[in-house]
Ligand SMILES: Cc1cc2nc3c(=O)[nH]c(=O)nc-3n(C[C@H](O)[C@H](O)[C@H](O)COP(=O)(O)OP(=O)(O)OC[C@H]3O[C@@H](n4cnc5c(N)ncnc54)[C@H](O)[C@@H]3O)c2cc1C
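Single chain ahead, written as structure tokens, the form predicted on its own.
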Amino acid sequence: MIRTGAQYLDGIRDGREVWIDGEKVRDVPSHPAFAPIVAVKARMYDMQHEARFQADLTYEEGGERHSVYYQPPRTQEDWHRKWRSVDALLQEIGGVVTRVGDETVGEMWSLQDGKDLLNEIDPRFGDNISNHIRRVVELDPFHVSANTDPKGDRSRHISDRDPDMMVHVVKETSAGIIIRGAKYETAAAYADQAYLKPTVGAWTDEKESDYALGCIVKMGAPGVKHICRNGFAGRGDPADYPLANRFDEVDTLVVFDNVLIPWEDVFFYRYTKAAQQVRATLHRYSAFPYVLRLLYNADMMIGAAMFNARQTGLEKLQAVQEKLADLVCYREGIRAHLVASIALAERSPAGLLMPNQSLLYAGRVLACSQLPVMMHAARELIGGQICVTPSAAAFNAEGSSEWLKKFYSLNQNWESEDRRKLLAFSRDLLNSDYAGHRLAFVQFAQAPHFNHLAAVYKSFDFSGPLDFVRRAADMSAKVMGQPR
């Protein structure tokens, strides 16, 4: 059943070992670095129980209500409802968050698409993934995904490095497997569980490898340690950094120090063919919510830039309109790819409806690769005041406030406080440490750009263009059968 915010908070008070800034965290939900983003997740859970949101955030099955975020997609309407659920959440909280669960559960659907391959190893493993997909729907956990390993010196062969540089199996027991290593993961310190999967994609002829591992790890399990980067929340006045203080999604180095994974939580291990399948299909569903988040990021840039143009009376200038149009084209390009990927959705091997892969991956390349360009366009539209405006304290202090109110009041509709708020928001969106962090995160959250392009190459059907050129050039039909 759908959980409440209080149930979620109780769930992550499980004695987990969390460190940040050299401090061992006593209580994750109340710690200043985690409290704002944990409150966002708790609010999401509570929204599911409120009448005004229930139709968008939940669905009924078997007499119980479940989260739309975790509903396996079988129809186009399922995808549109997921979109509406994200819209309802982000509009309610007044910002953009990436890790809420819907963006990672799709990785397990991808694994289910390879169930036949898992059954080649052991039929139990295929059943395990089906059971976990059902449990996610029924128990409504905060489910995230363990991403990249530390890896170490990659000029050296895996066998020549410290084995703990990548997660691996060290022992089999009657109760399950024992694993060691580490993974970087966003939101792990305040999530319930993570899907741990391999990041090695360059196996050659190995049939088995201790690093070819896929499983579910409970984030409060014995031996799991969370070592977090320092947070942005609390680093400055929320009036000056409104986004960083509310929506910082804390990243964690999750250490697995001889952690027992029960057999029912194991999807595959020591089988490189399964690991290769996972890497090839990992994002066929999860790319959709990631790209969708960037649509809302584009909306924030457009809104901030347009407000500034109206404040300063520049919106009628052709040069300003052209730059705003660039932002709009970026935004609408993302939306077009998402809409088209649903309209031309494809049936997956497991019978789910996956977004059209070529269109979805092409949309991801557009959204991610053009984000730095669009952020700079927004900076140019808003101007240099986002980097020179004094703090909120100066706007309120005797001796400076009167001058700042004079120079930051534009007209009767735009007084100094609204001007200050827009500039503070824009700085945090485009220019702050938090903004730089978010930009880097977007570029690597679903692997780097060359992997995005590889996904486009592998998902695009080249037969149409090839046949068109063959006919236009009057070449023989046999050229279509030539190997690549």
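Just so you know, these numbers come straight off a predicted model, no measurement behind them. All residue numbers are counted from 1 along the displayed sequence.
Not pictured, yet referred to below: the form predicted in complex with the ligand.
In terms of contact with the ligand in the predicted bound form, the residue from Arg74, Arg335, Lys151, Lys225 that brings a heavy atom within 4.5 Å is Lys151.
Between the options Ala445, Ala35, Leu453, Ala55, the residue in contact with the ligand in the predicted bound form by a heavy atom within 4.5 angstroms is Ala445. Segments offered: 436 to 444, 44 to 52, 421 to 429, 63 to 71. Contacting the ligand in the predicted bound form at heavy atom distances within 4.5 Å is 436 to 444. Contact check for His143: no non-hydrogen atom falls within 4.5 Å of the ligand in the predicted bound form.
Heavy atoms of Asp248 never reach within 4.5 Å of the ligand in the predicted bound form, leaving it off the interface.
The ligand in the predicted bound form comes within 4.5 Å of no heavy atom belonging to Arg364. A residue is said to contact a partner when one of its heavy atoms sits within 4.5 Å of a partner heavy atom; Trp263 fails this definition for the ligand in the predicted bound form, lying far away. Residues of 72 to 100 placing a heavy atom within 4.5 Å of the ligand in the predicted bound form: Arg99 alone.
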